[in-house]
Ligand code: XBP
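Consider the single chain below, provided in structure tokens and representing the form predicted on its own.
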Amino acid sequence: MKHLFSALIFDVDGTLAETEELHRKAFNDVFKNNGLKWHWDKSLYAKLLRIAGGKERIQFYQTHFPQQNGLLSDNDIALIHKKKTEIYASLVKKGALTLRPGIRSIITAALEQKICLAVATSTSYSNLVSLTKSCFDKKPEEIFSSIATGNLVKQKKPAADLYNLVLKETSLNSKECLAIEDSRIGLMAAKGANIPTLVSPSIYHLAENFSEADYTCVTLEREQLPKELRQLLF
């Protein structure tokens, strides 16, 4: 029987794991360590997540909050973000991160079935390494045959660049793939590349509009997956 999908393309933050609270803590820690009187509470961070990429988020914050204007140069932002990534990696290494329910079984089944797995994420490659080493005890390349991270494209999500890069690297038609996302900007990126999309909203994105999604589910556990994906994997 020919299955509808030949490849699964995963977002990382919020999709593979609920990472955003760790990211928020790492941002606040690095701000404090560097003498910045900034604090991103949950409400503010939810708004900042509309901007993909950590460096871009910092720049947006100081540009759109008048009291922060002009505080950090591009070099300052790059350095702050580098330190933030190191803090995040340390938190993950200590075991502060767990996969979202259902993710392990999806990936395990896909690998057993020799289904192509890929990543399209605005986050950094080092953050992906931290996650896969902590949660799978593997390098990303041992799981995913194509890895598109934010530093490899001109525009991050909601632009389609990351998904287009995966399609180029895998030589797959967009309709042969299924994107798995947790946010509206991720959904927009996948649909911009004409890829069918399953959305399972993460904590920070529960209230967003996912009307364009081909499939939605509360969690990624087997019984909640769309029938086509269950048949493919199990």
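Note that residue numbering begins at 1 and tracks the sequence as displayed. These numbers were taken from a predicted model, which means no experiment stands behind them.
The protein also exists as the form predicted together with the named molecule; that form is not presented, and the subsequent description refers to it.
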Checklist entry - Pick from 170-178, 191-199, 44-52, 30-38: which stretch has non-hydrogen atoms within 4.5 Å of the named molecule in the model of the complex? => result 44-52
Checklist entry - Is residue 127 a contact residue for the named molecule in the model of the complex, using a 4.5 Å heavy atom cut-off? => result yes
Item to check | Partner contact for residue 12 in the model of the complex: the named molecule, 4.5 angstroms, heavy atom | outcome: yes
Next on the checklist: Although the partner isn't part of this model, could you tell me whether residue 81 comes within 4.5 Å of the named molecule in the model of the complex, counting any heavy atom of the residue?
Outcome noted: yes
Checklist entry - Is residue 184 close to the named molecule in the model of the complex, meaning a heavy atom pair under 4.5 Å apart or at it? => result no
